[in-house]
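In the block that follows, a single chain appears as structure tokens, in the form predicted on its own.
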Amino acid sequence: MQLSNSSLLRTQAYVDGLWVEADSGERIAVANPVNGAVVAEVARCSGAETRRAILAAERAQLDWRRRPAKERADALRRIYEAMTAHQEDLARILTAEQGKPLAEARVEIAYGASYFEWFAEEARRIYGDTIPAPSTDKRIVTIKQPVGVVACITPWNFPNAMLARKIAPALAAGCAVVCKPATATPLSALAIAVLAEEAGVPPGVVNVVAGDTRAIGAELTGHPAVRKLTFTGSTAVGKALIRACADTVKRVSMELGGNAPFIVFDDANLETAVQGAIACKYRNAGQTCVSANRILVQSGIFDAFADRFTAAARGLKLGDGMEAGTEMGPLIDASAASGVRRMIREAVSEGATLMAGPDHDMKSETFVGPTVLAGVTPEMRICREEIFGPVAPLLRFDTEEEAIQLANDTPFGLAAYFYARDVGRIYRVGEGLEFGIVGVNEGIISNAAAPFGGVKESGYGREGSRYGLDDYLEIKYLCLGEIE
């Protein structure tokens, strides 16, 4: 890995402003998904290091919350500027540990940086209210204060952006954070800590510990000094974390699994619908919580859409993310790839037709080619569960009502997409879909200015936008008497 600034590649934990080894001296290997080559070995932290990080955050919180909003905003702005200046190095670190194409990694770094930019501005706008008093001798005022120490647990699929959109609002609100990145991709998180340190964020305000997932998680969920936990990951793990946080009544925000429908109506622009579906389905090799999981196409245009979509999928170039021209990289590991292939085989055994994939010309077992399945029915497991891989099941529908019913027939409710041009249909379907995010004639919906989050078993809380600070703030009511 060639970096212009080698200091961005750190392998120790970051606790209380210091780069430290694990007490045990143990390390965990970070492997390149393309070929399994070890990129780096990082400190394998456990409960002891996590406790120290929590206590450091608790101490640092007392000062950080009192800092003027402008001072916090300026620090966030400096992190944004540093991420932008080091975009190429950060992208290379990301691709090396996660596998996505370098072009996609650059986009992720810019996206992650945008959260620091956005919340640098929002930090200045944490307003309270004056409420009409019940009598002339009283006044009612509300103020907003930071919730306290925040535990941030993030996944491996977007190791920079998922952490950026948690750290940025937390710091803007005046909270200190203890971050637990995915064991497979800790290097991007540690690089953010480097930039926070260089931006002048005080020791203890940002802490990063990677390693023993169970021990670190138990400390973060059980320690009373942690007042909020924010998690992005699977619904099953999210439910376990919610239960673990109950004993200390922590506030939690959860961005969990999805089963996104991508609906194409017969009045859609077919070319843009195909382009949107390709981008939505195969970005990051389908390893995103908002990937199109089920592609529903109205019967009258099904064959035309299927032909064009399949041709576009076959044209995608697989390869090492570091190589020029690569459009899709590997899955995160061999186990993930094996699970996706198993779902494909099961669907075919149940009657689905393989129109493209999953064979490829790469020797690594972590690669699964862009796959398209026709003849899929809603009862198949591949339609009921989140695929998290580059597989596009195509389903037919006849009416608008049927499309909405099929789309909503899932316990998940994170993202949905549909393509149509009739204005009435756009409003009816947009309002009828039971999802927290709906893309209309658009397959890429993430933006720092927009609220990101789901409903039903896809979680609660919102990240980004002006609503993104709410989960990190408490509303305090002040009743002032003896005014007369």
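Note that the coordinates shown come from a computational prediction; the quantities given were computed from them, not determined experimentally. Quick note: we count residues from 1 along the sequence shown, nothing fancier.
Same protein, other form: the form predicted in complex with a small molecule, not shown, and the subject of what follows.
Query raised in the report: Can you pick the stretch from 154 to 162, 194 to 202, 316 to 324, 69 to 77 whose heavy atoms fall within 4.5 Å of the small molecule in the predicted complex?
Result: Of the options given, it is 154 to 162.
Query - in the predicted complex, the one of F418, W64, F452, F435 near the small molecule [non-hydrogen atom within 4.5 angstroms] - result: Exactly one residue meets the criterion: F452.
Query raised in the report: Which residue among F265, Y111, F397, F305 has a heavy atom within 4.5 angstroms of the small molecule in the predicted complex?
Result: If I apply the 4.5 Å criterion carefully, the residue I get is Y111.
Query raised in the report: Any of the heavy atoms of T288 lying within 4.5 Å of the small molecule in the predicted complex?
Result: Yes, T288 lies within 4.5 Å of the small molecule in the predicted complex.
Report task. Classify T410 as contacting or not contacting the small molecule in the predicted complex by the rule of any non-hydrogen atom within 4.5 angstroms, answering yes or no. Result -> Flag for T410 set to no.
Query raised in the report: Quick one: does R283 come within 4.5 Å of the small molecule in the predicted complex, counting heavy atoms only?
Result: Answer yes; at least one heavy atom of R283 falls within 4.5 Å of the small molecule in the predicted complex.
Query - in the predicted complex, E255 touching the small molecule (heavy atom, 4.5 Å) - result: Yes - in the predicted complex, heavy atoms of E255 and the small molecule come within 4.5 Å of each other.
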